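Given next, in structure tokens, is a single chain: the form predicted alone.
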Amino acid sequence: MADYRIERTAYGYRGTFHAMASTCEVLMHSDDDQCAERATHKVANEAWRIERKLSRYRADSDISHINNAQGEVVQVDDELANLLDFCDQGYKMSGGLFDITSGVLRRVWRFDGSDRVPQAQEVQTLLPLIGWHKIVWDKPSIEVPIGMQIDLGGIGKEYAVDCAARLITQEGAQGTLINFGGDIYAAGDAPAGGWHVGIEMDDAIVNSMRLPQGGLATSGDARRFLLKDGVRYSHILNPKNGWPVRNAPRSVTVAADTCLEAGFIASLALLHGKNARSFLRAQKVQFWIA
């Protein structure tokens, strides 16, 4: 039995399934039920494939294999190599703000809405384990020092959205919107005026737009934060000091050619804190701030 469901809607079909800790959906502006079945099947399988490959929570994933290699050199396939190249370029162009080794900070930061803020010394002890420049990346070989880890969770869903969109485009599916927990790509012939997309914060729609084509991604602290003594701590952590970025917007949404690009720019904007808006303007992309 398929682990997804398909329902008829006013504009066509909606396929839903669960992946990457998110509710995922495929919206199709079509009246072809067989096409809807094929598209949902392909999108779901692609999401699950990438989750199996990139999830740090799965012992059998490529990422876990690298992180558990105890300092040994690991050879990666072309797909992962290209993603690591992207991360390498992101680290360099951001001056170290985008750093896939900073996931170790989750050992002390648990953004569950509570008031459990770690002690400064707890954060300080993890800083020697952060820094992409300490990783030996010689494509297609990677060597992660003992104690360090890499984590592609910050780009995994966006990458999966783009991959799924390419798959169904190759299959000839028309008028499709893919949404993996708020990371979106629209392809083909959208409904008149474009897909109507809402941006949610604290269970309320704070912005809305029409998306005819392309990628859309949002980064923010609506669901992942700490609150102590009236101070809200965002889950966006500065990898250089291990602490949440201060004075950043609550939410940044970016439209770009791909979902991966949109997500990268949105996250990097938040890492710029109070300078998020000026950073976004310099990127010459369409964006929304809340």
Partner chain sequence: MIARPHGSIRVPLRAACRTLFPERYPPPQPSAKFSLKPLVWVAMAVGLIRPAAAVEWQKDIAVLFYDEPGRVRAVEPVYGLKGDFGDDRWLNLKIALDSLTGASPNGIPPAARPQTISSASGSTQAAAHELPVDTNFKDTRIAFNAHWQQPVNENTIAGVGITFSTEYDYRSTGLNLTIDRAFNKNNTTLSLGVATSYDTIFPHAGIPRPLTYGGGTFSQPSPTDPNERKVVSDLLLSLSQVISANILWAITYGVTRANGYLTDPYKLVGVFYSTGQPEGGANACIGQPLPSSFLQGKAAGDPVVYCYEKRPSDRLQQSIYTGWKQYFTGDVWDIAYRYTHNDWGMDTHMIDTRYAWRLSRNWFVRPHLRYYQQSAAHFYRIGLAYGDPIPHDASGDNRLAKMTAVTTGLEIGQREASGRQWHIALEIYRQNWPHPPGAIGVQNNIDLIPDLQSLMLRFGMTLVDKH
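Numbering follows the first chain given and starts at 1. Just so it is clear, the model here is predicted, and its values are computed rather than measured.
Beyond what is shown, the protein has a form predicted in complex with the partner chain; the following relates to that form.
Contact check for residue 21: every heavy atom lies farther than 4.5 Å from the partner chain in the predicted bound form. The closest heavy atom approach of residue 95 to the partner chain in the predicted bound form falls within 4.5 Å.
Among heavy atoms of residue 165, some come within 4.5 Å of the partner chain in the predicted bound form. Put simply, residue 110 is far from the partner chain in the predicted bound form: not one heavy atom of it is within 4.5 Å. Candidate site formed by 143, 257 and 283: every one of these residues places a non-hydrogen atom within 4.5 angstroms of the partner chain in the predicted bound form. This chain is drawn without the partner chain; in the predicted bound form, the residue among 124, 114, 207, 82 with a heavy atom within 4.5 Å of it is 82. Proximity to the partner chain in the predicted bound form, taken as heavy atoms within 4.5 Å, picks out 257-265 from the listed stretches 37-45, 23-31, 257-265, 231-239. For the partner-free chain shown, 133, 134, 135, 136, 137, 138, 143, 159 of 120-159 come within 4.5 angstroms of the partner chain in the predicted bound form, judged by any non-hydrogen atom.
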